[in-house]
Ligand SMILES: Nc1ncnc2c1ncn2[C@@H]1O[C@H](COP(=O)(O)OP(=O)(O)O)[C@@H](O)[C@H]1O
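Shown below, as structure tokens, is a lone chain in the form predicted on its own; questions about how it binds or moves come after it.
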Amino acid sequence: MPGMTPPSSPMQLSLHTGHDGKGISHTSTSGSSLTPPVTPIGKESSERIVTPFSEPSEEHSTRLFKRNITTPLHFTDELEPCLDERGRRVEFGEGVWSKVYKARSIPTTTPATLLNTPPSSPVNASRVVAVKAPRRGDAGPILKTEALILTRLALTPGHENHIVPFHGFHAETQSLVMAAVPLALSTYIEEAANRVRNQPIATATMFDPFLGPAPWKDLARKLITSLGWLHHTAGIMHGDVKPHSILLRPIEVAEGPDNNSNNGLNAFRYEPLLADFSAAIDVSPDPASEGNGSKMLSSFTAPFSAPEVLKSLRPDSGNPPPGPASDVFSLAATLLAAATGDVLLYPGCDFRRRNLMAGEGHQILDFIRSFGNGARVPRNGFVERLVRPAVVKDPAQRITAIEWVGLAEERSYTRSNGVEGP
């Protein structure tokens, strides 16, 4: 995104995934600043209605998990980069493997058609898109793998409510093409925190999340629902959940007396969408679906990484590879960042100290309270009660995304007329 500070150089690590026993290059992006969003997408008006999560039908599950996607959705239009007043390409941000730039799509007169491939995604003439292009020579296969993941997600019911709209894979440039909405949750958190800091301290709100109680709860509910969909319906683990990989699409909220904290004036006025699936991995229960092009290939980010992610990187650790429970922890850490206004979670800490605390992530609530904005997460308050079961030390004992959806929907985590539930 414009004005974003480039990330510091990543540290290369090796991770054994347990699927094929091969060491896969894995990158820690926990320098002085986090990796900016690598799939920013553009403003579209689409209202999202979040309902309690439901089980997919057996027929749908069988069709989804046995789908063998070997060719990504194709983007056949021409891409024309948008240039600034100096003639330079307008960039939204960059990641370890890629850069994202702003472009316009130009329809071709005779779109290419390939046999036995998913249909090309129709895109209107001159539509502004975000193009995620390789940043280095070895990034092509990683972006191709991400394209396969996104194709699978784009074919999964409900995707429009939970992930960045994916237009297809541009084979000529080895790039992913998305819709363009350049607002990341990380930016929103920082701006909201700055607004609150510039206001006089009020005792009535000094223990509330920086976003406000109702908007924070609405954001939490929406994100937890999206993670439940990703794990349960799509059968995919994200692998790098953080404020920078969640993008915000504005929604229209009708004002009226029937509005409540979930869909009215006090709600979170954006639709959060999961982005950047370069570290995603297939976690569907059918072994036959393994090898669908969904290897764990890219990056993780401390301090949002679950402790088992860091431990799995140690040579001969004997620890199993990270799984969906690691995503749950990462989303909990993201929600804590939204509560405290500290996008790095531990402000002022250097790389080494942040990694040490990430390795003891089950103590994250205590760590958070040792910093200046820790009062925003009071003991036994609604933030801690929602986050606590998602950060327990043993991944097997951690709440699942589906269970977490039910917890987020309970009355005890909503506030009506300014009064917190029991």
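We number the residues from 1 along the sequence you see. Please read all numbers here as calculations on a predicted model, not as lab measurements.
Keep in mind the form predicted in complex with this ligand is missing from the figure; the text below concerns it.
Exercise for the section: Within 4.5 Å of this ligand in the predicted complex, counting heavy atoms only, one of 204-212, 342-350, 129-137, 72-80 shows up; tell me which. Expected result: Only one stretch qualifies here: 129-137.
* Flag residue 168 as yes or no: does it have a non-hydrogen atom within 4.5 angstroms of any non-hydrogen atom of this ligand in the predicted complex? => Residue 168: no contact with this ligand in the predicted complex.
If we define contact as a non-hydrogen atom of the residue within 4.5 angstroms of the partner, is residue 281 a contact of this ligand in the predicted complex? Result no; residue 281 lies far from this ligand in the predicted complex.
### Query
Is residue 184 one of the residues lying within 4.5 Å of this ligand in the predicted complex, judged by heavy atom distances?
Residue 184: yes, in contact with this ligand in the predicted complex.
Fill in: this ligand contact at residue 189 in the predicted complex, heavy atom, 4.5 Å
The answer is no: residue 189 has no heavy atom within 4.5 Å of this ligand.
Looking in the predicted complex, is this ligand within 4.5 angstroms of a heavy atom from every one of 98, 179 and 244? Spot residues vs this ligand: full contact, yes.
Of these, 147, 230, 338, 164, which has a heavy atom no more than 4.5 Å from this ligand in the predicted complex? The option sitting close enough to the partner is 164.
Worksheet item: Using a 4.5 Å cut on heavy atoms, which of 308, 271, 327, 94 is close to this ligand in the predicted complex?
Response: Checking each option against this ligand in the predicted complex, the one that comes within 4.5 Å is 94.
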